[in-house]
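In structure tokens, one chain follows: the form predicted alone.
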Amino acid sequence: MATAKQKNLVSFLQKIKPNGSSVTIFIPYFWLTLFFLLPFILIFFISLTQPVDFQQPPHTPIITSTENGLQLNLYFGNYQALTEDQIYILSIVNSVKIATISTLCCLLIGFPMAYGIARSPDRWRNTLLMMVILPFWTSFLIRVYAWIGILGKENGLLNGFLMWLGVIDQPLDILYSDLAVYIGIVYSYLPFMILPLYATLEKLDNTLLEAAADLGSKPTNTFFAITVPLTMPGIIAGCLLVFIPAVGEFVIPELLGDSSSPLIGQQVRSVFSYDWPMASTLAMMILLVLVVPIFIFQYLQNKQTVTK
């Protein structure tokens, strides 16, 4: 006969025995902890240190051992210097501005494209989606470099084509400007806007549109009253997929933009070469800027769920 302690032990083991659902949930949490939470904690602690030359790693230790035990050394001067230096503040503001405008441009261009693909015949949808994804088969760096040849002032393809048509008399100075950065970001991140929009539009119930038309609603009113609200999850997801990487982008501004007004991603790359704590502080500020739209997305998503 099993004793009461043995029965309790068996009952406890049955409770903690992993099942399929717990393992499935554990995997993404483990991934996020290993590749997001731990690096975030590491960068946060580095941002609370001071730079030190000729040392590896090149910053003061966050914890030191003394006669009285372990001592925690926190230095908040990096955050104070960040608020006092206008260069960093302007870089953050400029990064948010360029990311916001680029996201709106991607939305204005991507929504009609996604709508057209979703309303196309079934035999053409996979082909059209393949054309959207096809640029990803080429290196991102090569695609950005290609825009240097397209937007160049002297031998650029765009200027040569416009002058051949007689639209302009003198080459346009597009390369190494904010306009070139907008073009590069919109071109690079447009598929991230189209794909979630297509996934939402493809599931849209056409009978709702037909009912609205039968009731005398104009196509414009139907679009803003039915189509846009029902595709709002795809719109929000696409905007986040474009806005978040665009804020910290440094390859496109570095190759196509004006070096006199670097973005925050370029600042992190350049500062990291000689000051790890300040670079980590800038990275924390980027993360803080990105947390705001994520919380807005969660709020809108929860509000829509409650409404349903």
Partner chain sequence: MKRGLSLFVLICMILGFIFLYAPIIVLIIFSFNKSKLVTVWQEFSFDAYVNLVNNKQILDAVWVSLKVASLSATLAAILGTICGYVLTRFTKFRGRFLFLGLVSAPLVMPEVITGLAMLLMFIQLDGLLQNIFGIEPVGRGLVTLIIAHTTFATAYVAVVVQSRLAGFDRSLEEAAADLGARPFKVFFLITLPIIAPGIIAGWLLAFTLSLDDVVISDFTSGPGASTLPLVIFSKVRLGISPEINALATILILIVSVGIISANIIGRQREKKN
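Owing to the predicted nature of the structure, the values given are computational and were not obtained by experimental measurement. Residue numbers count along the first chain shown, from 1. Just so we're on the same page, rigid core means the largest C-alpha set that superposes within 1.5 Å between forms.
Beyond what is shown, the protein has a form predicted in complex with its partner chain; the following relates to that form.
Its partner chain is not shown here, but in the model of the complex it comes within 4.5 Å of a heavy atom of residue 145. None of the heavy atoms of residue 93 is located within 4.5 Å of its partner chain in the model of the complex. Using a 4.5 angstroms limit between non-hydrogen atoms, residue 265 touches its partner chain in the model of the complex.
Among residues of the shown chain, residue 27 is one whose heavy atoms approach its partner chain to within 4.5 Å in the model of the complex. Residues with any non-hydrogen atom within 4.5 angstroms of its partner chain in the model of the complex fall in just one of 78 to 86, 130 to 138, 94 to 102, 163 to 171: 130 to 138. Note on the partner interface in the model of the complex: the residue among 195, 226, 235, 201 having a heavy atom within 4.5 angstroms of its partner chain is 201. Within 4.5 angstroms of its partner chain in the model of the complex, the stretch 271 to 294 places a non-hydrogen atom from each of 272, 276, 279, 280, 283, 286, 287, 290, 294, taken in sequence order. Once the rigid core is used as the reference frame, the Cα position of residue 292 differs between this form and the one not shown by 2 Å or more. Remark: with the core as the superposition reference, the CA shift of residue 29 between this form and the one not shown reaches 2 Å or more.
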